[in-house]
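Consider the single chain below, provided in structure tokens and representing the form predicted alone.
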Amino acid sequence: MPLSAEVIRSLQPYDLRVMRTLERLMHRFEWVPLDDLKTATRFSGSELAYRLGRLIGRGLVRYEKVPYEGYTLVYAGLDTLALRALTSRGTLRALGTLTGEGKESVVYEGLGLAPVAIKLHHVGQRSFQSVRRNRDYLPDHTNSSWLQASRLSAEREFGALTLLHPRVPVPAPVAIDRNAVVMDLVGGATLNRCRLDDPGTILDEIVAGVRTAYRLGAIHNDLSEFNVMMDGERVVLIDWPQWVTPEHPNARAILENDLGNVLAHFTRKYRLNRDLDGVVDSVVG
């Protein structure tokens, strides 16, 4: 269910206190026991029950009886804490519409000092171990692995944007909090949804961006036609949480996979053929 600005605004200080306490205790518990939550919040039993009822009703917290009576934040709760913090700092003024949704993130339009995109990382709640195998920066295990994974994914992406902008055509980073990355709003559509008038020039621009990123110390590690945006005639490389450095033991293979995906798209759609080895050599040389 998409986030609601009305729900976020309706939260009272005691609601937020419960949510922040849950977030903190989830480093120790997958499901926070009611007694521990009561002790940490210092609320009476009736006050805590009232607050938990409000949060569960708003879809921000879940309750489970087995193996004990416990509570946990869900993605909407973590998202809400991040958005409230960004708003309190003046980074965000308004939450707009949901513009994109993938397996591991959702993206909203928003308004700060200018229009922005808000990317909320949602990594590994359903199948953390399958995500862990593909991302060596994630912890082996925590009690709430999805929460930690989502925060680390956001930190990785924000770090990449900070490293690469403005020399590489990526969204300009604005701010980060928890699992939320705020960046400049990029218009247009992804490469798979575009029909290019001059595909050769666009391909050259993509390769040039990959080359500059490599020289700055980053390989995308998930590049394809689905995360290259065309903002008018401007190429923008998006979705950077899985990036690795050129010192990674599989760096060459990762780079070959990235560029191979892009070249295959241009071959299929435009019958434009480039030699993969030659393109990779032009990036690392």
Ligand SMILES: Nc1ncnc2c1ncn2[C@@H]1O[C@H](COP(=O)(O)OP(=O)(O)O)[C@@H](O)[C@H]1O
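Heads up: residue numbers just count along the shown sequence, starting at 1. Please read these numbers as outputs of a predicted model, since none were measured by experiment.
The same protein also has a form predicted in complex with this ligand, omitted here; what follows describes it.
Trainee: At 4.5 Å between heavy atoms, is Met229 in contact with this ligand in the model of the complex?
Mentor: Within the cut-off, so yes.
Trainee: Although this ligand is absent from this view, report whether Leu83 comes within 4.5 Å of it in the model of the complex, heavy atoms only.
Mentor: Flag for Leu83 set to no.
Trainee: Would you classify Thr87 as touching this ligand in the model of the complex, given a 4.5 Å non-hydrogen atom cut-off?
Mentor: Although this ligand is absent here, Thr87 would stay clear of it in the model of the complex, with no heavy atoms inside 4.5 Å.
Trainee: Using 4.5 Å between non-hydrogen atoms, is Glu104 touching this ligand in the model of the complex?
Mentor: Yes, Glu104 is a contact residue.
Trainee: Give me the residue from Ala175, Ala117, Cys194, Ile202 that has a heavy atom within 4.5 Å of this ligand in the model of the complex.
Mentor: Result of the distance check: Ala117.
Trainee: Of the residues Ala213, Ile206, Met183, Leu147, which one places a heavy atom within 4.5 Å of this ligand in the model of the complex?
Mentor: For this set of options, the contacting one is Met183.
Trainee: Of the listed stretches (54 to 62, 231 to 239, 38 to 46, 248 to 256), which one has a non-hydrogen atom within 4.5 Å of this ligand in the model of the complex?
Mentor: This holds for exactly one stretch, 231 to 239.
Trainee: Does each of Gly100, Pro171 and Thr190 have at least one heavy atom within 4.5 Å of this ligand in the model of the complex?
Mentor: Judged in the model of the complex, Gly100, Pro171 and Thr190 all sit within 4.5 Å of this ligand.
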